[in-house]
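What follows is a single chain, given as C-alpha coordinates, in the form predicted alone.
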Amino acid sequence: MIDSNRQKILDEIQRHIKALTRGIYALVIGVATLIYYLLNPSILNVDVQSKESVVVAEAPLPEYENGIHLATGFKEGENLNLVIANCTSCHSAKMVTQNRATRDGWKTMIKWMQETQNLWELGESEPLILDYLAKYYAPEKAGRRQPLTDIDWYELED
(Lines give C-alpha, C1' and ligand atoms only; values in the text may rest on other atoms or scores of the structure.)
Protein backbone atom coordinates (compact mmCIF):
# COMPACT_ATOMS: atom_id res chain seq x y z
CA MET A 1 0.00 0.00 0.00
CA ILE A 2 2.82 2.35 0.82
CA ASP A 3 4.45 1.57 -2.51
CA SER A 4 1.25 2.32 -4.43
CA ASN A 5 0.82 5.64 -2.58
CA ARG A 6 4.45 6.47 -3.24
CA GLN A 7 4.00 5.61 -6.90
CA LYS A 8 0.89 7.82 -7.11
CA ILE A 9 2.81 10.71 -5.57
CA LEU A 10 5.73 10.16 -7.97
CA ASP A 11 3.34 10.04 -10.94
CA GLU A 12 1.67 13.24 -9.75
CA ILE A 13 5.05 14.98 -9.38
CA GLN A 14 6.10 13.85 -12.88
CA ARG A 15 2.83 15.17 -14.30
CA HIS A 16 3.43 18.56 -12.65
CA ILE A 17 7.03 18.66 -13.86
CA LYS A 18 5.90 17.97 -17.45
CA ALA A 19 3.27 20.73 -17.22
CA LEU A 20 5.82 23.11 -15.74
CA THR A 21 8.33 22.24 -18.47
CA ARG A 22 5.73 22.91 -21.19
CA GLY A 23 4.93 26.25 -19.53
CA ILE A 24 8.60 27.22 -19.43
CA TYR A 25 9.02 26.26 -23.11
CA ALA A 26 6.00 28.39 -24.02
CA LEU A 27 7.36 31.30 -21.98
CA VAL A 28 10.81 31.03 -23.61
CA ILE A 29 9.26 30.93 -27.08
CA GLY A 30 7.03 33.90 -26.25
CA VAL A 31 9.92 35.97 -24.90
CA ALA A 32 12.08 35.06 -27.91
CA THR A 33 9.26 36.07 -30.25
CA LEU A 34 8.79 39.37 -28.40
CA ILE A 35 12.51 40.15 -28.54
CA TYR A 36 12.60 39.30 -32.25
CA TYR A 37 9.61 41.59 -32.86
CA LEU A 38 11.19 44.42 -30.87
CA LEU A 39 14.35 44.11 -32.94
CA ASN A 40 12.43 43.74 -36.24
CA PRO A 41 9.08 45.53 -35.88
CA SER A 42 8.57 45.62 -39.65
CA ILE A 43 7.85 41.86 -39.76
CA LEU A 44 4.20 42.57 -39.01
CA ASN A 45 3.82 45.17 -41.76
CA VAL A 46 1.78 43.50 -44.43
CA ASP A 47 1.60 45.46 -47.63
CA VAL A 48 -1.39 44.03 -49.43
CA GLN A 49 -2.80 46.08 -52.25
CA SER A 50 -6.07 45.40 -53.95
CA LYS A 51 -5.98 45.04 -57.71
CA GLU A 52 -8.76 47.57 -57.92
CA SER A 53 -7.49 50.09 -55.39
CA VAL A 54 -8.66 53.60 -56.08
CA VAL A 55 -6.42 56.50 -55.28
CA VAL A 56 -8.23 59.71 -54.53
CA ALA A 57 -6.04 62.77 -54.87
CA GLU A 58 -6.77 65.35 -52.23
CA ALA A 59 -5.15 68.69 -51.73
CA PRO A 60 -2.70 68.47 -48.86
CA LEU A 61 -3.88 70.11 -45.69
CA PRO A 62 -2.04 73.27 -44.79
CA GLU A 63 0.54 72.78 -42.09
CA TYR A 64 0.16 76.37 -40.88
CA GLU A 65 -2.74 78.75 -40.76
CA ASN A 66 -2.35 82.38 -39.72
CA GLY A 67 1.11 81.65 -38.37
CA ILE A 68 -0.06 78.76 -36.16
CA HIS A 69 1.13 75.18 -36.61
CA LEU A 70 -2.18 73.36 -36.97
CA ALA A 71 -1.11 70.04 -35.48
CA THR A 72 0.25 71.53 -32.24
CA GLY A 73 -1.01 75.09 -31.88
CA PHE A 74 2.56 76.40 -31.64
CA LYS A 75 3.44 79.71 -33.26
CA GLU A 76 5.33 79.33 -36.52
CA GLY A 77 9.00 80.16 -36.10
CA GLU A 78 12.61 79.12 -36.27
CA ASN A 79 13.42 75.95 -34.30
CA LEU A 80 9.74 74.97 -34.10
CA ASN A 81 10.46 71.39 -35.18
CA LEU A 82 13.06 71.09 -32.43
CA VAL A 83 10.53 72.31 -29.86
CA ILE A 84 7.89 69.90 -31.15
CA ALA A 85 10.32 66.97 -31.03
CA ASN A 86 11.54 67.68 -27.51
CA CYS A 87 8.42 69.03 -25.81
CA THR A 88 5.50 67.11 -27.24
CA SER A 89 7.13 63.71 -26.82
CA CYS A 90 6.30 63.99 -23.10
CA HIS A 91 3.32 66.32 -22.88
CA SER A 92 0.75 68.20 -24.89
CA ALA A 93 1.74 71.36 -26.73
CA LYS A 94 -0.89 73.11 -24.62
CA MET A 95 1.43 72.75 -21.63
CA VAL A 96 3.74 75.15 -23.46
CA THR A 97 1.26 77.44 -25.18
CA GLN A 98 -0.68 78.18 -21.98
CA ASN A 99 2.49 79.37 -20.21
CA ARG A 100 4.55 82.52 -20.52
CA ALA A 101 8.04 83.05 -19.17
CA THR A 102 11.29 84.85 -19.74
CA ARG A 103 14.26 82.92 -21.11
CA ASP A 104 15.43 82.32 -17.54
CA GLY A 105 11.94 81.21 -16.57
CA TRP A 106 11.82 78.67 -19.39
CA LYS A 107 15.31 77.47 -18.46
CA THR A 108 14.14 76.98 -14.86
CA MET A 109 11.15 74.95 -16.09
CA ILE A 110 13.43 72.78 -18.24
CA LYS A 111 15.79 72.18 -15.30
CA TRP A 112 12.79 71.25 -13.12
CA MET A 113 11.58 68.77 -15.76
CA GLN A 114 15.08 67.28 -15.96
CA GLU A 115 15.35 66.93 -12.19
CA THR A 116 11.84 65.64 -11.47
CA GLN A 117 10.22 64.44 -14.71
CA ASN A 118 13.08 62.52 -16.38
CA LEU A 119 13.57 65.01 -19.20
CA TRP A 120 16.79 64.19 -21.01
CA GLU A 121 19.71 66.58 -21.40
CA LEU A 122 18.96 68.82 -24.36
CA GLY A 123 22.61 69.51 -25.15
CA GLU A 124 23.17 71.88 -28.06
CA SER A 125 19.42 72.01 -28.66
CA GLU A 126 18.69 73.75 -25.35
CA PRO A 127 19.71 77.29 -26.42
CA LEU A 128 17.73 76.92 -29.65
CA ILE A 129 14.65 75.74 -27.78
CA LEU A 130 15.05 78.57 -25.28
CA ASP A 131 15.36 81.07 -28.18
CA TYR A 132 12.03 79.88 -29.59
CA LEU A 133 10.21 79.82 -26.23
CA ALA A 134 11.56 83.20 -25.11
CA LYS A 135 10.57 84.80 -28.42
CA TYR A 136 7.09 83.34 -28.93
CA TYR A 137 5.97 82.59 -25.37
CA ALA A 138 7.42 85.51 -23.42
CA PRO A 139 5.38 87.23 -20.69
CA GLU A 140 2.66 89.41 -22.08
CA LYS A 141 2.25 92.92 -20.82
CA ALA A 142 -0.94 92.94 -18.91
CA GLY A 143 -2.29 94.90 -16.07
CA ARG A 144 -4.86 97.41 -15.13
CA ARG A 145 -6.19 99.72 -17.76
CA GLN A 146 -5.17 103.32 -17.64
CA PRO A 147 -7.38 105.56 -15.49
CA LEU A 148 -10.17 107.31 -17.34
CA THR A 149 -9.54 110.97 -18.04
CA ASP A 150 -11.72 113.91 -19.08
CA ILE A 151 -14.80 112.49 -17.42
CA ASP A 152 -17.48 114.60 -15.74
CA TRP A 153 -18.12 112.64 -12.59
CA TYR A 154 -21.25 113.19 -10.58
CA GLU A 155 -22.35 112.22 -7.10
CA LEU A 156 -25.06 109.62 -6.66
CA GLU A 157 -27.81 110.61 -4.31
CA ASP A 158 -29.04 108.20 -1.64
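These figures come from a predicted structure and were not determined experimentally. Start at 1 and count along the sequence shown; that's the residue number.
Absent from the display: the form predicted in complex with a small molecule. The rest refers to it.
The stretch that touches the small molecule in the model of the complex, counting heavy atoms within 4.5 Å, is 89-97, out of 23-31, 36-44, 65-73, 89-97. In the model of the complex, no residue of the candidate spot (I9, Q14 and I17) has a heavy atom lying within 4.5 Å of the small molecule. The shortest heavy atom separation between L128 and the small molecule in the model of the complex exceeds 4.5 Å.
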